[in-house]
Every structure is written in C-alpha cells, then in structure tokens.
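Before any questions on binding or motion, here is one chain by itself as structure tokens, the form predicted on its own.
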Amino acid sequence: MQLFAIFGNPVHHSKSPFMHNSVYKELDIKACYTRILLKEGSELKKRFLELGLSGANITVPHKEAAFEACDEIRGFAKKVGVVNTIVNENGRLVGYNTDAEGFMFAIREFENVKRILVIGAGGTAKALVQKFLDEGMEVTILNRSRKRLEEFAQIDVKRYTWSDFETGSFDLVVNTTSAGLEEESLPAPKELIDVILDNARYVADVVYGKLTPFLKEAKKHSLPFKDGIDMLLGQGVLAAWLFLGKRYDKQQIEEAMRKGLYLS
C-alpha cells in the first residue's frame, strides 16, 4: 500500500484526498492519500520520510520550502524555484511543479489573453508568472510589500505595491494570494480592486470551493470569472500521473479524478 499526502497550513479544506483516492479506486491501485498540517516548512523532508510517503503535494505556504527539501528538481520547477509535487524515487525526493500547467488548463476558455495582472508574489505567483512569460504574455505583479517583489527583479515584468500601482487595462487578473480562503478579505484594498476590475476582461482566483470576496467583486463588475477548482484538477492530474510512474493515461486519470472532485 502506497501512501501519499498533501502538506499545507491550512490544509483541512483540501479536496486533493477525494480526487486522488478516487483515482486509486477507479484504477484499482493499492494506495491512499491524506492531508497533513505542516506548520514549519523546514520540517517537510523529515515528516515526508518519517511517514514513508511515496509522494506528496505541497500547498501554501510551503512551496518554496519544498524546493529546498528536494534532492533533485526536474522540469519547470527548476526554472521557477517552486515545488508543489514531490515523488519519492528510492529514497530520493524529486520535485516538480504542476501548478502552471494546471492553471493554463483552467483558463483555456478565456480568449485572446495577452496582458495579465498577478496579485501576490508567493510560490504560486512565481510559477504562474514564469509560465505566462513563456507563453509570450505581458505580466504585471501587484503585492502588498516591496520585499517579495524583489524576487522578480531579474525577469521582464512590471512590479507594483499597493501604494505605487499604476492602473492599466488587463485581459486577465489573477489572485494568487490566500485572501478569502479562511476569512472575508480581499487581496488588496477595495478601492484598488475596483479600479483594477473596471479595466479587466477576465478574473481568476486560485482559491477554490467558495465564492471569495474577490470573485464577488468580479461578479458585481459583470466579469467572467473562474475559481481555482479547474486549476486544482489540472495540476492534480499531472501530479497523479507522476505519482503513478507515468504508467496511466492522463485522460483515464482525469475522468477518475473528476468523480472524486465532484463527490467531495
């Protein structure tokens, strides 16, 4: 019996166990997936090995700590310094990032997206920003503090804090912060959000499972929007494919995962 898990803080809201356990059931795989509350990112590798995990997903706020915990980094994760999926290969922790591909899967119905505003500057933002740049999009980042923005200084993006933001028109505005996950808060002051949404075409939030205050504002502005559920599904399919040694067809995994997702 293989054991998989998701690490995060908070993590009780995660639908990942429903999704992955549905895959194991549908494909008759002897495995189980659970949630683990992790308060200190520095403890990730120790907890992973103590539990004898075959693999794990990592959610906020530990994606950068997950990068440091790995013995090897592969693919897109190497480019962005952020890991959300770890596979145990004979005692070696191998890190991947499936967030960016998951997000592109989620917004595939949004048309002609060329200019993007990303709110937040954490691990999820790093992955998405790099993916957008790889796709030839123009990216602006808005964050509360200047310090985290400095981590984006070496790439071709515009960077603003709440106090110096210069508004413009955006095809897509993405909230990558945890604002609205456990409280009724916006990712930036309301007056700033109103200005941004007045000049936007589409809106997305990586938080899933609820209509966040940010998405409520998008609805008031009559904007098409998406929560993070499709991103969760997209990254989950890729993670499961990696967990299972790439032995199963991704379409098979997606169909099984959807059953678990919508039963949760």
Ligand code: NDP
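Residue numbers run from 1 along the displayed sequence. The model shown is predicted, which means the values in this text are computed figures rather than measured ones.
Only in words, not in the display: the form predicted in complex with this ligand, which the text now covers.
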item: Residue stretch of 116 to 124, 88 to 96, 164 to 172, 129 to 137 approaching this ligand in the predicted bound form, non-hydrogen atom distance within 4.5 Å; value: 116 to 124
item: Touches this ligand in the predicted bound form: residue 202 (any heavy atom, 4.5 Å); value: no
item: This ligand contact at residue 225 in the predicted bound form, heavy atom, 4.5 Å; value: no
item: Partner contact for residue 237 in the predicted bound form: this ligand, 4.5 angstroms, heavy atom; value: no
item: Contact test in the predicted bound form: residue 61 vs this ligand, heavy atoms, 4.5 Å; value: yes
item: Heavy atom within 4.5 Å of this ligand in the predicted bound form - the one residue of 207, 44, 196, 218 that qualifies; value: 207
item: In the predicted bound form, residues of 216 to 234 near this ligand [heavy atom within 4.5 Å]; value: 228, 231, 232
